[in-house]
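The chain that follows stands alone, in the form predicted alone, written as structure tokens.
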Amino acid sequence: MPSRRAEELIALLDNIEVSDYKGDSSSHGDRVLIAEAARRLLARLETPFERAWRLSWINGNVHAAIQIILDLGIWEGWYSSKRREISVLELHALAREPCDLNLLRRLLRLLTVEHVIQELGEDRYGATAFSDALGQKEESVAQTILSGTHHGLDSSRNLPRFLSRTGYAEPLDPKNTSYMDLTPDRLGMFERCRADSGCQASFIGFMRGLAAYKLDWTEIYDTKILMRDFDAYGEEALLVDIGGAHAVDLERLLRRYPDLPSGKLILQDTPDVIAMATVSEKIQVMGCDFFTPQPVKGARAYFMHAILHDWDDADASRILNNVAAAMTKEYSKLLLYESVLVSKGATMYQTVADVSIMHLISAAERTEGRWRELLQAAGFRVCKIWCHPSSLESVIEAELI
């Protein structure tokens, strides 16, 4: 039996609900801070062995179980049935492929312990917000699981072998990555996405979910700056979202200015990515490779969200030079919504993103100093780096020198 003190603490923790922290950006920020405090608590409470066990065995087994049930179509079938409670036999009947009943039972048993689903009785289970999200196969949660299977997990597991082979040099050559070891023909991540529609869809789905999770960039940057000198009924575009994929950032700007005429917001990405985008009819979509000349001239702003961090300074400069050539001096703005890495007190997002792009594409997140050097070399001056206490990233505002 737990002690009275333990019972009080357990009751306090069990009464915390995500619904208590929904609303404005400050509520989101509070929820993130509390979740971080919970991670610190777990780090203090776990023994070193428990932590090693969780990192090395538990997390991988849970992901595998979720993926197997996703492959069988059971999450999707359960969600579509709209049933909140269900038996193992009924779940088994939802499988799209033959599946041993006891195999399914063993996987579900693990997922109840990890609170992916609820255990309501012997062989009876309850849905959760997470299992509901897994049942929406084309949406970001299920696609994030798939993106881990397609991209992140094997690449990160290969990183120790890759670094051992390269003498533990910092991976900065995009032509030699840990990820390339995953396929016989050594495809890079972006090349593999272009070659495999499933890999492309899972990566874009994960990026869409990550963009929705991040703070709305229009709450960080004062968009009134853009509107002051902009003629909504003139010929120029207001904002070009370069490599914008899913148009989340354009949709957020459109919500602030719903009366904008059609065509003032432009989404650019490669044709295969554009084909997957579903956007407001007011947003113009345009197939475009950012390594080629920017076709939209004289826009009020050119926006890139987590694009340049994927590329080394040489390739990032090529992208910036194409944008600079299209800009109007003393009018056009460059807005980069990017991680600005700090030397002390970096966040979970910053550090995970930094190591992820290390093994996926041999890239690195940049500090403020490196951002300023990169932009100055490409002919830009930084006007301001806009930050928000609840944001994972900053908006770098720049103009032509």
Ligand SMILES: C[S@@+](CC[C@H](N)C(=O)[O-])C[C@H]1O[C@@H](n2cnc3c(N)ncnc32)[C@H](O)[C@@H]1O
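Counting begins at 1, following the sequence as shown. Just so we're clear, the structure is a prediction, and the values are computed from it rather than from any experiment.
One more form of this protein should be noted, the form predicted together with the named molecule, which is absent from this view; the next part is about it.
(message) Just to be sure I understand the contacts: of 150, 300, 305, 264, which is the one whose heavy atoms reach within 4.5 angstroms of the named molecule in the model of the complex?
(response) Checked against the cut-off, the match is 305.
Exercise for the section: Note which of 106, 165, 256, 194 lies within 4.5 Å of the named molecule in the model of the complex, where distance is taken over heavy atoms; exactly one does. Expected result: Residue within 4.5 Å of the partner: 194.
**Asked** Which one, 92 to 100, 288 to 296, 275 to 283, 179 to 187, holds residues whose non-hydrogen atoms are within 4.5 Å of the named molecule in the model of the complex?
**Response** Looking at the other structure, the answer is 288 to 296.
task = Examine residue 79 and determine whether its closest non-hydrogen atom to the named molecule in the model of the complex is within 4.5 angstroms.
result = Output for residue 79 is no: heavy atoms all beyond 4.5 Å of the named molecule.
message = residue 171 versus the named molecule, in the model of the complex: is there a non-hydrogen atom within 4.5 Å?
response = The answer is no: residue 171 has no heavy atom within 4.5 Å of the named molecule.
My question is simply whether residue 135 lines the interface with the named molecule in the model of the complex - judged by any non-hydrogen atom within 4.5 Å. Contact with the named molecule, no.
Proximity of residue 310 to the named molecule in the model of the complex, heavy atoms at 4.5 Å: Residue-level check for residue 310: yes, a contact with the named molecule.
Quiz prompt | Contact set, 141 to 155 vs the named molecule in the model of the complex - heavy atom within 4.5 angstroms | solution = If the 4.5 Å heavy-atom criterion is applied to the named molecule in the model of the complex, 141 to 155 yields nothing.
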